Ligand code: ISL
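What follows is one chain in structure tokens, specifically the form predicted alone.
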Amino acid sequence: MPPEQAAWWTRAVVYQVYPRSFQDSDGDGIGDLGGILRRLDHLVDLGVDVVWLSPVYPSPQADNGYDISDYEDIDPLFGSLAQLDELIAALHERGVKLVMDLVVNHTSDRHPWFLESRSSPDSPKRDWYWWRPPRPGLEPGRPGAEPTNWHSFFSGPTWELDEASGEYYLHLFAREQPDLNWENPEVRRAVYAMMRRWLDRGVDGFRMDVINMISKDVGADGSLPDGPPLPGLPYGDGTPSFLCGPRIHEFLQEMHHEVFDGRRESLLLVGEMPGVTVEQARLFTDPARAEVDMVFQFEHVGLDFDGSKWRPRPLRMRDLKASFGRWQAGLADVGWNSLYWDNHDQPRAVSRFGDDSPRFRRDSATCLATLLHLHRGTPYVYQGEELGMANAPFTGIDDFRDVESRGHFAQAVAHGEDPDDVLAAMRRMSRDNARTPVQWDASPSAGFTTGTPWIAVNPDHAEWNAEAQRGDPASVLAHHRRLIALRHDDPVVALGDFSMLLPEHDELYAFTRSLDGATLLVVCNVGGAAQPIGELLPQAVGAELVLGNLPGDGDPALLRPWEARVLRLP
């Protein structure tokens, strides 16, 4: 595709703001819209094109805003609609778009729709959610009486008993997050109308949370099937019945027609889709099908644990190459990739995939960034990633805030696991690692708040912070600036073909990007020992250095630990 015909987002970089942890402006210890407005210069200096804003809607905060009680307003915790309008205008003045997080697989149990649905079995909105009686012959509330055996993502069954009616409602996540019934056309019409109002307000698109779960495999009689048993648990795996369900493409195409027709080219539509395959992603992201621009897939963040993320194991680089390579090849001619290392649901990249020791933290953070940004797709930078922020040293369960983490700890200890072993896994994999406040400076609360932060600041902020890096050309921040500028300036980075090299090598990650006779060779040493590349990649020796992450010239035939080079081939 000629560069002038490519969609704008092929050369864009997205920056995710998790508002609760970005910047507090009123001293209550919780980040807010006023804080984001204060830090716009940081985003502009970085060079990003899009800000993805995690949920700021009214919410009881059972899952930090992913349990929405009002789709039409802003939670006072974060500010006001007027401040959101100010943020949209301020970003647009700077040439930056705003994408809102949208959670429509489920609502909060405090949402008026659910309160009305729960009020009576005869409620007009009863069928807006998944209500079902207990299994035949079993008393409501008795273990095993749930309508299906599905296991919740946040531990326990996916069904919660409503004692007033004797029926259960479905929640794939926390019990405070009941699932909407997308089989009901009234639900879909209400969601589409809400989305149109946000676009009318100036929002530039949506990142749609677990959007591939909205279609459930419901039988003609309204029943939902049991899932295969999960080892060691009294529950079953329900995912075959709700991941990319039978009507998912129909629903997304209907959404596209009802919400986006006529204003499509300027928007960005991203679907978060756990469990999606390359083949399914080709369908979702094929422009001719009019569904979404790109998907968030989770294959590469499932390679360093066994079955459950709470059973982590070392990552084999060849496995990561195989995964990334499969997605690059699978979406080469149709569709588009999202590129990310971490987000609000994942631990910090430099701790997980790199080396956060004092010796290699800066080098591995910039190496990983180079590797990711030079792939074909749209890169996502999660707040603090551009500073090399690392996992936090949580000491005990009271340090954690995440509903998933705390639920896992309670369940694991109740099943007899050693609390110290459980905590060790949580320190590596908990979502709270991504949620410690952004480290702006070396002051006691890292410049995040004048009050007490809602979750503790990582004590390493005294050294690792934006103020210390802003004027340092060798910093992680400066390297991200250069990577983003390279994507903007060089069409090969945005649109070039991808070819993996040395797929079986466990320390060298190398590939080429080619477009219209121009070729970039990217070589990354993803380990702590130097690697001779003269024999393995002779074309790298003597090639023009476009961008590197380590200072000095170095030996052209030797790649230093965690060194990354972007080279232009003759």
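A residue's number is simply how far along the shown sequence it sits, counting from 1. Just so it is clear, the model here is predicted, and its values are computed rather than measured.
Beyond the structure shown, there is the form predicted in complex with this ligand, which is absent from this document and is the topic of what follows.
Query - Close approach of R435 to this ligand in the model of the complex, 4.5 Å, heavy atom - result: R435: contacts this ligand in the model of the complex.
Requested in this report: Answer for Q177 alone: is it within 4.5 Å of this ligand in the model of the complex, judged on heavy atom distances?
Outcome: Within the cut-off, so yes.
Query raised in the report: Even though this ligand is not shown here, does F153 get within 4.5 Å of it in the model of the complex, heavy atoms only?
Result: Yes.
**Report entry** Touches this ligand in the model of the complex: Y66 (any heavy atom, 4.5 Å)
**Finding:** Although this ligand is absent here, Y66 would touch it in the model of the complex, with heavy atoms inside 4.5 Å.
**Report entry** Answer range among 79-87, 134-142, 378-386, 169-177 for contact with this ligand, defined in the model of the complex as heavy atoms within 4.5 Å
**Finding:** It is the stretch 169-177.
Query raised in the report: So which of D363, E272, E146, D342 gets a non-hydrogen atom within 4.5 Å of this ligand in the model of the complex?
Result: Contact with this ligand in the model of the complex is made by E272 alone.
Requested in this report: Please pick, from H408, K321, H106, H461, the one residue with any non-hydrogen atom lying within 4.5 angstroms of this ligand in the model of the complex.
Outcome: Checking each option against this ligand in the model of the complex, the one that comes within 4.5 Å is H106.
Query - Those residues of 201-217 which, in the model of the complex, come within 4.5 Å of this ligand by heavy atom - result: Counting only heavy atoms within 4.5 Å of this ligand in the model of the complex, the contacting residues of 201-217 are R207, D209, V210.
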